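Have a look below at one chain only, the form predicted alone, in structure tokens format.
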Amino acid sequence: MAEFLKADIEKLMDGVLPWPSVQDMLKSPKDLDRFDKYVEIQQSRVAWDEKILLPLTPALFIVASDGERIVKCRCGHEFGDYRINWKLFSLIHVRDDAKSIAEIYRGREAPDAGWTQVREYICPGCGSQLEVEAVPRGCPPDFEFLPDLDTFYREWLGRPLPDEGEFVDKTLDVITTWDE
């Protein structure tokens, strides 16, 4: 099994690893501590101390914070319980007319504004664009990834988390309170 240096993984993350090295990394079996190296690199790039449990995107992480598991932006903004779609707590710029859609799509590439919305999810803390969706009008925000952290740590990494939690999507619990 190949053993890749943390510096090479960091170069891969930054898009500066030479292509032959990228190919070698892709073709080789994953080294057993690759996830740990990746998380360690991500942890070194943020200014806060909460432990990263799982990176979601280059800017979003599931972290352990005061006995809870929350989604946190690299800037430190907290979106809350990781089992609730973080997009509900972001700033959302919606492009839903031909003029605003034409700012990002050209000519015939543009979706029909009568059918489609382009939603841009922005971090309230730093203003970073975190996600973009092109969806039919009326479609709820996509919850792309709800990981079973306990199973991942226990069965894949072989080291259970100390505070197992209920694995369930809690997004609807929040949405149902909006009409109160």
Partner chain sequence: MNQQSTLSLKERLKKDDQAFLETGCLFGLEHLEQKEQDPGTYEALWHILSNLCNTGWATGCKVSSSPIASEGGDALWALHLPTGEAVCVSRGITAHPGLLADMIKGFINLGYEEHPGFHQGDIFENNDPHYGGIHGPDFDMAMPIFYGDELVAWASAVSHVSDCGAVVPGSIGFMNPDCFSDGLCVSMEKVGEDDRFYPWYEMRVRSRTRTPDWVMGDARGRVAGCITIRERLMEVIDKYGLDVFRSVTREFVEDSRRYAVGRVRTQTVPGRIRKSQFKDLAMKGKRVLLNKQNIDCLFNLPMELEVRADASVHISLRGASGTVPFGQNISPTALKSGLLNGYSHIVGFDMFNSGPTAAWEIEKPPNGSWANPFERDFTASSGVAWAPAVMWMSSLYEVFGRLYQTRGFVEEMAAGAGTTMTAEFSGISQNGVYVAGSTLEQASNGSPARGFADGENSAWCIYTPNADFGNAEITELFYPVLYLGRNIEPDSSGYGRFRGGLGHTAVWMVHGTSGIDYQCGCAGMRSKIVANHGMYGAYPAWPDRPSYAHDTDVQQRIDKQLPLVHERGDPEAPDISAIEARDLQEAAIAPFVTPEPLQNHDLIVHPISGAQSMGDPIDRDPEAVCEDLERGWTRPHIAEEIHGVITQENAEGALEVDQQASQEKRAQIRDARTSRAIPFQDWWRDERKRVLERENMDPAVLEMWRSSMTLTPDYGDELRAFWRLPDDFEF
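Residue numbers count along the first chain shown, from 1. This is a predicted model, so every value here is computed, not measured.
The same protein has a further form, the form predicted together with the partner chain, not shown here; the description that follows concerns it.
- Taking non-hydrogen atoms only, residue 123 approaches the partner chain to within 4.5 angstroms in the predicted bound form.
- A residue is said to contact a partner when one of its heavy atoms sits within 4.5 Å of a partner heavy atom; residue 95 meets this definition for the partner chain in the predicted bound form.
- Although the partner is absent here, residue 68 sits far enough away that none of its heavy atoms falls within 4.5 Å of the partner chain in the predicted bound form.
- The shortest heavy atom separation between residue 48 and the partner chain in the predicted bound form exceeds 4.5 Å.
- If you take 5-28 and check each residue for a heavy atom within 4.5 Å of the partner chain in the predicted bound form, you get 12, 13, 14, 15, 19, 22, 25, 26, in sequence order.
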